[in-house]
Every structure is written in structure tokens, then in C-alpha cells.
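Here's a solo chain for you in C-alpha cells, the form predicted on its own.
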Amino acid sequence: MMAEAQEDKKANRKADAKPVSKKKDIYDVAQAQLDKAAKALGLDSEIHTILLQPKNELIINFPVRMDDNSYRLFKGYRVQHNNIMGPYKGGIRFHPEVHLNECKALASWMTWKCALMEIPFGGAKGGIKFDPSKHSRTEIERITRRFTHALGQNIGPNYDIPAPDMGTDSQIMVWMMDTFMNAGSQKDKNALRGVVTGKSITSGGSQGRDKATGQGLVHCIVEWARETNFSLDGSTFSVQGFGKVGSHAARILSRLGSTLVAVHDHTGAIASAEGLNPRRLAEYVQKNGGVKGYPGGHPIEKEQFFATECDIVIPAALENQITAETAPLLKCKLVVEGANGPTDLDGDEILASKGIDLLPDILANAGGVTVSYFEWLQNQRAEMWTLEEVDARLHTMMRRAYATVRHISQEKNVDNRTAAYMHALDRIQTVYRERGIFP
């Protein structure tokens, strides 16, 4: 524990420094995407200026007692980008590489995503800089509750609504909810249930939330296939990242007749020309922590994964994965961004030059925040919708958003990412013009 504490001290000194990497800084990528769409739309310069930076950037250092009764200091973040359209909304991730610029980029993408989907939320993102795999469940609970307590009134069901993200799950959300509820007024306790989404069903969650992002992603693929007269039955696909998004997308897509031929995650990469069974692979990953060693496929290198010939590639892991180094390797018809920011600016240009279609993150992975919105509504109204109701509403909203993006892309002769941004920015600009800047 002493060695870990020393590592924490070193990490905290560097926590707000820009990460040393050959890859472009993620916030620079996010701002460049905004600039491109703002120019294409003709966004008012003063609104562009407002949207370039988040409204609030919270950095919280808080102590937590470990199982051996020692104390360690943790660094947490909550970035609130914009709330002109409604309460801030965005995930909480537990990961050793969480940093301020990452949260700023992810928060801005949430703003565009909610505006694109026409959901009455703004954008936020947060996290704690640590590796949950190195801690017991009781330590993770204390870390979660201390962070929630430290956030205090900076979150709330009508102000800022966290959700699960990388390294967090429904149990984490229930602990956050319970901590927040118990710090508030007892007479308003149940009204505070909607402070987070992505909760377990029994604690106020929604049916269909666990598969929502993967389900929404497949809805987009189905719309693309219909538009391009492509048959999913008999097609092939690969997935980077086999967590909540990648595994659910793979299982749903396989039921449409598509075959999973390669997977890559933080433990390694595997492939099988005959096809990998998504359900069995998900069970293996749940038990073993990653795809490495899965007996149903053979190991390959990361470069071989990107070079695997298939129809559809689904990056559903971290940002900045399809770059100037990896994009030239792709041999596919479509890239569908299950992760946030998996393709950088060079990657976008290379995919376009290769004639590879791309469905951007703020569209393709918007199923998660959409069903989070449904969960929030159910909490507000004290209702419980059936899975069929949730799935039908999600389908309607994903189809509408896809159609909107494709219409703008064709009408304005811009790529899908720029088209998605243009619709989001146009809606935000309209509200700013109507409301003005107070006072």
C-alpha cells in the first residue's frame, strides 16, 4: 500500500498535464471537429466562442480509507460543458488515464449528442483517476461514495445527471444515488432518485439500459444497410473493445446474420475466419477480464486486427484508435463509432479517401443517453416502462436522427460527422438566439 500511495502522489502531480503521446490531444480533436462544423453551418461567432470551453471544470482531491486502514488520496473530475438545452448529462469513468482534457472533450461530445438526438439535456463528463481492478469491491464503494459526497450539490436530478461509463456499472450508480439521496432532505428523498441513470432495475433503472448503446448502434447499421442496399445476412464485422457496448452490439448484429471475425481489447486480439460466438466470448471476457486466451479464436497482433478484411468495423473502446497509422490498414465498407472519439482528424480523411462510410459517435452511440433520458423520465413520473416500450421509442429516435444526418449530408455535401454536428449546433444556436445572454 505504501508503494501504491507513492505512485498516487506522482500521478497526482502530473494529473492535469497534457498526456505524453504520439496521438493528438483528444480535446484538440474535439475542438477541430467543432470548428469544421461551425464553419460549414455559419455558426454565430459569439456562440462558437461560448461553446469552445466548458462552463465548469471541477477537480476534486479526496481521501479514502483502504481495507488495511491506510488512507489514499484520489483525484476526481466533473466537467460541465453546456446546459442551454437542459440539465448537464454524462458518464462517470473509473480509469487510470482519466485526465482533464479527456473529460472536456467527452463533455462537449455529450452536448452535441443530446442536441442531435433532440433530448432536453446538455453535456457533462467526469471520472476518477484510478484502476478499479486493483481495488476490492468495498474500497470501490468507499471511493464512489466519497467522490459523490465531495461533488455535493454540483450534481442533481435537475442540474447534472451522471451515468455509467468505462469502469463503472449499475452498482456504482446505485451507490452514487444512495449517497446523494441520504445527503438531502428526507421528505424529498425519493424525488432525488433521478440524480443518476444506468441504475439497476430494482433501484429505479430502466429496462433495456444495459444494451441501449449497442442496440442504438445496430439500428444505425440497419438504416445504413437499407440505404445502401447492403445485406447484413452473410456479412462480417470486427469489434474493438468487448465491454458493454461492443459485446451487446456483436450479439444483436449476429442475430441479423452477420459474423464476428475479429476482436481487439486491452488484453490482446483474436480472430476466426469461421466466426467468433459473441455470447460465449462475452461470458469468457466477463470471467477472464479480456479476450486473450479465448479458445474459440487464434491470437493476432493489433495491426492484424485493423487489417482484417470485413464489411463493418466497430471501434468501441478508447478514443484516438483510427489514426494516420491504423486507418490505411482498414479493409471494410463501414466504420461505426461505438466509442467516443475513436477516429482522429487524419483517420477521418483517410477513411473518406478510401471510400469507407463512417457513422460518427454522436449518432452511432447515442442509444445509451437516449435510454438514460427514458430512465430519467420514468423516475420523474414514478413510472416503469416495459422493454418493448423502451425498444420501440429508441428505434424511433435512432431512425429519426439517422435520417436527419443523412439528409443534411446530402443536401449540404458534407460528411456524416459534420452533418451531425451541424444539426446539433443549429438547435443550440436557435436557443441562444431566442434566449440571449443574461443579463
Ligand code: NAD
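So that there is no doubt, residue numbering starts at 1 and follows the sequence shown. Just so we're clear, the structure is a prediction, and the values are computed from it rather than from any experiment.
What follows is about the form predicted together with the ligand, which we do not show.
- Distance criterion of 4.5 Å from any heavy atom to the ligand in the predicted complex singles out D265 from the list D348, D265, D178, E223.
- Proximity to the ligand in the predicted complex, taken as a non-hydrogen atom within 4.5 angstroms, holds for one residue of G241, G123, P278, G127, which is G241.
- Shown alone, this chain has one stretch from 254-262, 138-146, 324-332, 164-172 that lies within 4.5 Å of the ligand in the predicted complex by heavy atoms: 164-172.
- Using a 4.5 angstroms threshold between heavy atoms, G90 stays clear of the ligand in the predicted complex.
- Taking the partner from the other structure, the ligand in the predicted complex has no heavy atom within 4.5 Å of any heavy atom of I312.
- When the ligand is considered in the predicted complex, S235 lies well away from it, no heavy atom lying within 4.5 Å.
- Taking the partner from elsewhere, H95 is found to have a heavy atom lying within 4.5 Å of the ligand in the predicted complex.
- Of all the residues from 364-398, those having a non-hydrogen atom no more than 4.5 Å from the ligand in the predicted complex are N365, G368.
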